[in-house]
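Below you will find one chain, with nothing else, as structure tokens; this is the form predicted alone, and questions on how it binds or moves follow later.
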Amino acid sequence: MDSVRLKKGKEKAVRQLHPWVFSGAIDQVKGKPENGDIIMVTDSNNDFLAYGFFNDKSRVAVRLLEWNLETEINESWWRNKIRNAVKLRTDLHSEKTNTYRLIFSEADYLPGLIVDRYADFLSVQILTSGVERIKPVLLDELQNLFKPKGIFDRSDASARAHEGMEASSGGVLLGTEPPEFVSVRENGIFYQVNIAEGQKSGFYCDQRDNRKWVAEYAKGKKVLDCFSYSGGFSLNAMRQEASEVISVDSSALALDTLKKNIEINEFHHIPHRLVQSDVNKQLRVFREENEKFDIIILDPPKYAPSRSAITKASRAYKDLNRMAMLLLNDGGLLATFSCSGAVDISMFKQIIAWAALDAGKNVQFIQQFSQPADHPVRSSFPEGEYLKGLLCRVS
């Protein structure tokens, strides 16, 4: 088997079961492994450490899979990993919820594979050359386990580019083409999901618990949902009898989907406004119009895709939250989120504190949010904890 030998002192993270080996930690590549090949990783004394995918096009040169020398990574190994990941999610499926993440990449010991379930359809992201190699086995196992109507490819082009892979052509991998909108349920609320063209893999199931918790404060309150997408936070607030809900998103498709979601859930009796606009601009419009809110939800896209973007992202988060604080009634609630893995919760709290100072507001943190059970954080891979949020009382 081809192998890579690490530089002296670079084996510590591997021994601690961290799944990444960076190119700068490699002293020597033995043999001529191709991208996607499974290779052996050794320490500077050539002693075995782990097996993993090799990729000389990626900053993460090896994604580790197995730390037991005697274990063979074969078709049976892959099928067992998929079954184990799926087994951990069986309690999530119910009459009230039939959409959730089935496989979460490194967290489920399947680096580069993400699978989301949307009722009778599966959406798959294949993001590493190693997973691309064994795609037929993965698809066959998913087909055996779920008998879905179809499995659709939503592989992220930019992530594949970082791996030196060609952009995925998308489309149906197995079964039939999904309809324009697939109807799913989350916590008893119905959603129309556009698997082919929607953001991410079609829906943001990582906010499932947080949507429900924030809505518990919404009864009789005027709620502003920023970056609303197809209305997860908006719909939950409506179900809890908010006095009014205003949803802001730059995407016409997202707001059209939200409108459909309001109709199918029969939330017409709740006063609501759908505003297609850039959120930062719209917050300033609300400020100029002296409009106030009781609850504001900020769920922006990833401002810091890497640590090099933290400074710029911090300024963006601070300005966004400062503007929101100025629009809240005294004692109002700000539910603010970051999906940037490079920004940890301590840093995020500091950014909110800076925003409060600039806004001349007092802020109390009254609840902390994270990602749900289908997006687990592996103890040896803290980088998997990307979603964090804070419920703030602003006065």
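Predicted, not measured: the structure shown is a model, and the values here were computed from it. From 1 onward, residues are counted along the sequence shown.
The next section is about a form of this same protein that is not shown, the form predicted together with S-adenosyl-L-homocysteine.
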Wondering, does residue 251 line up within 4.5 Å of S-adenosyl-L-homocysteine in the model of the complex on heavy atoms? yes
Is there a heavy atom of residue 301 lying 4.5 Å or less from a heavy atom of S-adenosyl-L-homocysteine in the model of the complex? yes
Can any non-hydrogen atom of residue 291 be found within 4.5 angstroms of S-adenosyl-L-homocysteine in the model of the complex? no
How about residue 128 - does it come within 4.5 Å of S-adenosyl-L-homocysteine in the model of the complex, if we only consider non-hydrogen atoms? no
So S-adenosyl-L-homocysteine isn't shown here. In the model of the complex, which residue out of 317, 104, 229, 121 has a non-hydrogen atom within 4.5 Å of it? 229
Pick from 151, 92, 86, 279: which residue has any heavy atom within 4.5 angstroms of S-adenosyl-L-homocysteine in the model of the complex? 279
The chain here is shown without S-adenosyl-L-homocysteine. Which stretch in 136-144, 260-268, 204-212, 106-114 comes within 4.5 angstroms of it in the model of the complex, by heavy atom distance? 204-212
